[in-house]
Structures are given as structure tokens and as C-alpha cells.
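This document starts with one chain, in the form predicted on its own, laid out as C-alpha cells.
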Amino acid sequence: MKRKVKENIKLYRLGKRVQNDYYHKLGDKLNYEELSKRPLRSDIINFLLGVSSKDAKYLEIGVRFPDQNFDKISTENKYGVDPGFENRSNPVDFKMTSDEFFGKLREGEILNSYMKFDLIFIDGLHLAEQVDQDIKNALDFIADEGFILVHDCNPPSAFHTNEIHDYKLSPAMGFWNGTAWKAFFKYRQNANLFSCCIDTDWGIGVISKQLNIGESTSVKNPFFEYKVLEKYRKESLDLISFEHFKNRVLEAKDKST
């Protein structure tokens, strides 16, 4: 009984320490601010599909729970890819990893190897190496004036961007952006691509082959350090509001016609 009481006292003191900890307080504040931002990714996707062709083709990598995003997308020509690790009942079109999907697509085993999507949304495994591979594959199958969107490109703190998804006691409090920002930043340095990041919904990175939605970055961060991202966040990501982004897209579309 005494041992149980001592354990409870220890846990109480630990809880009070965490509750009053600067980083946990900051994490709670940053989470609230991010969750309050609008629009959501589905709104951005629907806007971009609306300015694309009438029969716009949409591909989502990492569907997980369809009601969170996929079901909200307003086009009949949409396809989902997810291996079903987190939701085994996920009714996606292609229950496989993104690497398997692009491999089969490239070989003409599924859909059409000549198929080009108007928008590809990458929201699968949020580790830099995999996101990098997903962007690389997506560039082969995106239309010339299409868009590649990458979720979780603007982690609000160093605690949100790590490689351990299952650790829930950090100041990020269970919210996890992974290291997706590193892959996006890599392509932000490519002068042959246009890109920017919309400051909402944990950061929606956007990449285009031909439409000038943002010039490449000049920020030097060879080791992909978070402290450099934090210091030069706006310049690293070309972080802009959704209204600013819409103006860029419409101007770029006008110039391309």
C-alpha cells in the first residue's frame, strides 16, 4: 500500500513538473494556433482542382482515414493509395505502398503508364527519405501545369519534427509532422521547379513544374537543421497565406494562356 502511495506521489509530481514546463506550455500554445488555422488541405486541393481541367485527375498518397480528406475532394477522377497499416479496413483503390504503386503504374500494370494527374497529394509516411521518393515519383506523373502537394511541411517546433511517431509525451503532445519538411526543402532548392508553402494545416508545400507559384530558395541548410529552418522559416519554405497563394496561381494561369 505504501509503495502504491509513493508511486502516486511520484506521478503527481511528474505531472505538475510537465504541466509547468516551458516547452510543454509552448507546445500546447503552438498546437492550438496551428489547429485554429484555415483553410484545411481539402479546401486547398479543391481550389486547385477547380482551376485545372474539367476532368481533373487526383491522386492521394496516404489516405488512412478517407473521411478526413479523400472523401471531401470534389472530383470523380480520384484515386487513393495506402497500405492499410493504420486502418486495415481502408477502402482505397490501391492497397499498397506508394513505391509499389508507382512501380506498377510505371510498368502499366495499373491504370495507364501515360497517365498524368492534375494534382498529387503526398501524405504518406512522413519521413524525409520516403517523402523525397514520393515527390520524385510524383514528378514523373504530374501534368505540366499540375500541382504536387506535400503535407506537414511547416512543423511549429523541433518536438513536432522527429522520426518517432509513437512517442506521445513530448511537448508536441501527440501531434507529429515527421521530417517531411526536409524533403520539401530539398526541392525548394531546385531552380527548375516552382514552389511555396501555404501557412495552414501544419504547412501545405506546393510544387509545380511550369506555373510560377514561387522561386527556389537561396537559404543554405546543407545538414537540414531545424534551427536553420526556424531562423529562416519564411525564406526556406516561401511561407505565404492562402490568399497570397491563390493570387499567385491565378496570375500564373493567366500568363500560361
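For every residue, the number given is its place in the sequence shown, counted from 1. Computed from a prediction, not measured in an experiment: that's the story for all the values here.
If you look for the form predicted in complex with a small molecule, you will not find it shown, but the lines that follow are about it.
Colleague: Of these, 63-71, 213-221, 48-56, 190-198, which stretch puts a heavy atom within 4.5 angstroms of the small molecule in the predicted complex?
Modeller: This holds for exactly one stretch, 63-71.
Colleague: Name the residue from S170, T97, S157, N162 that puts a heavy atom within 4.5 Å of the small molecule in the predicted complex.
Modeller: Selected option: T97.
Colleague: Though the small molecule is not shown, can you say which of A183, I142, L125, L149 has a heavy atom within 4.5 Å of it in the predicted complex?
Modeller: Spelling it out, the residue with a heavy atom inside the cut-off is L125.
Colleague: Closest heavy atom of E86 to the small molecule in the predicted complex, within 4.5 Å or not?
Modeller: Looking in the predicted complex, residue contacts with the small molecule include E86, since a heavy atom lies within 4.5 Å.
Colleague: Is L119 close enough to the small molecule in the predicted complex to count, meaning some heavy atom within 4.5 Å?
Modeller: Heavy-atom contact with the small molecule at 4.5 Å: absent for L119.
Colleague: Might I135 be said to contact the small molecule in the predicted complex, defining contact as any heavy atom within 4.5 Å?
Modeller: Contact check for I135: no, nothing within 4.5 Å of the small molecule in the predicted complex.
Colleague: So in the predicted complex, is the small molecule close enough to L105 to count as touching (4.5 Å, heavy atoms)?
Modeller: Contact check for L105: no, nothing within 4.5 Å of the small molecule in the predicted complex.
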